[in-house]
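Below you'll find only one chain, the form predicted on its own, shown as structure tokens.
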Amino acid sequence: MRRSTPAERRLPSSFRDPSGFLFQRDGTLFRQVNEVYREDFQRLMRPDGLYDRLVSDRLLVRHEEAPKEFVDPELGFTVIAPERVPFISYPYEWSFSQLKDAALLTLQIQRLAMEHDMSLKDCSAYNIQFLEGRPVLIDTLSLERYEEGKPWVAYRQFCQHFLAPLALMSYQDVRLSQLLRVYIDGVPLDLASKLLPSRTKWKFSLLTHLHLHAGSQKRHADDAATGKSAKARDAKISKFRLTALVDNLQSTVRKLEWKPAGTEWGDYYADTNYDDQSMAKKQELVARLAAKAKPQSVWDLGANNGHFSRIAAEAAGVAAVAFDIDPVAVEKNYRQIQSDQRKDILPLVLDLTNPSPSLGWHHRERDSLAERGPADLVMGLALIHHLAISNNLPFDHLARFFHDVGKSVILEFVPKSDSQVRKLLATREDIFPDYHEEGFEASFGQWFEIEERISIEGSERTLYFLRRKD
């Protein structure tokens, strides 16, 4: 196998599948399809076949044929150029409804695949991304020919990547989605079974797919250790029964619910010190500055329900990623964009003080937040005081962070005299002598050109527009 050239890079996120892999050449994304996947690929691509159905229903990213310039010629069959997703997100960054929609999409694809005598061999949640407001499958090579009587090889993975975390979020705590950040191949079923309340054992579907499934896994592992696994390996399941299994999983997932109750952040805009006039002025300024930046990508950090994400996206004419630490705010944001059928907002859960790290083999399978940037425009509205005061982050650390993730930045400075800052300081000692506009400008001025400094009429707050120094 030859080494990639400087202008050609294999993506470390797709090395595990012998069927093929992703690579970039001169900035364009390609997928090498290997000879071992030839028959499955040809079946997938039959005229009016599964590929056409999935793409027409917007369930799978489309691709174009590409020149057969292989990265690994010894293995290669063909090369395709898949549609590119603007921002890659991960399951531990999704809200409850995002993970649920991704699960239902996966099952819908499996159902359609079986109608075309194919089946998903891989149900990794990482194969799903959000494109134009909807989940979509991005792994073209995850479908294989269906073999009569063969058990669904991806069943356990579906339960670990989707059903187990959804059940934990629904029945215990929505924050348990972060287990997906620890267990990169999904939540172990024995752990999920232990964490779920005992009443879930009275739900036949959860009893079957999670609790009994966990026990079955353990028995099969024990059998394998003692050489008694042949019976499980040779088990047969008819297409009728497999279809019933998928239908039951669909019903199980649909019934899982989580109601986002009000939190400090979920109802943030109902409790600010902006009156209607000052809020309108802030909206006007954000729209003007977002258009001024002329970005191709926008990140809104501390986006809450995405109100200003929408304003920036509309003003700039591009999609925006709306990050917030509060799963309630992110859930409400996602439900709203689904209701409005918006295609330009991607809500994600993110703790800026502990952002998504590089994960997986050699720390390279899943990119950190910073590695997915920098964005052309980053916004931090009503955010800096929380980071500086609630989390003790000095201005020079904040300035360096924003320099790393954004080419242009819109920041809102909230002074100590503001009621929201007074609330933060009410229960703690004021150990922030440098928290003032002069200190803010001195720290950020080392990394940015301060192009605009605008007082927001009707408030004590200031909006800054910064350009990164090269």
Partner chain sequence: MMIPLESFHLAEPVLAYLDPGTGSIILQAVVGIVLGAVFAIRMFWSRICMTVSGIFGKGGMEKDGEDETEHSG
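Positions refer to the first chain, counted from 1. Keep in mind that this is a model prediction, so the values were computed, not measured.
In what follows, reference is made to the form predicted in complex with its partner chain, a form of this protein that is not presented.
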Candidate site V182, R364 and H386: all three near its partner chain in the predicted bound form by heavy atom within 4.5 Å: no
Report the stretch among 280-288, 191-199, 174-182, 331-339 that approaches its partner chain in the predicted bound form to within 4.5 Å, counting heavy atoms only. 331-339
Does the 4.5 Å heavy atom contact test between D122 and its partner chain in the predicted bound form come out positive? yes
Contact flag, Q129 vs its partner chain in the predicted bound form, heavy atom cut 4.5 Å: no
Under a 4.5 Å heavy atom criterion, is E147 part of the interface with its partner chain in the predicted bound form? yes
Within a 4.5 Å heavy atom cut-off, is S297 in contact with its partner chain in the predicted bound form? no
None of S356, S89, Q157, S170 but one has a heavy atom within 4.5 Å of its partner chain in the predicted bound form; the exception is Q157
Which residue, A81, V85, V153, A370, has a heavy atom that falls within 4.5 Å of its partner chain in the predicted bound form? V153
Can you name the residues of 238-256 that have a heavy atom within 4.5 Å of its partner chain in the predicted bound form? F240, R241, L242, T243, A244, L245, D247, N248, Q250, S251, R254
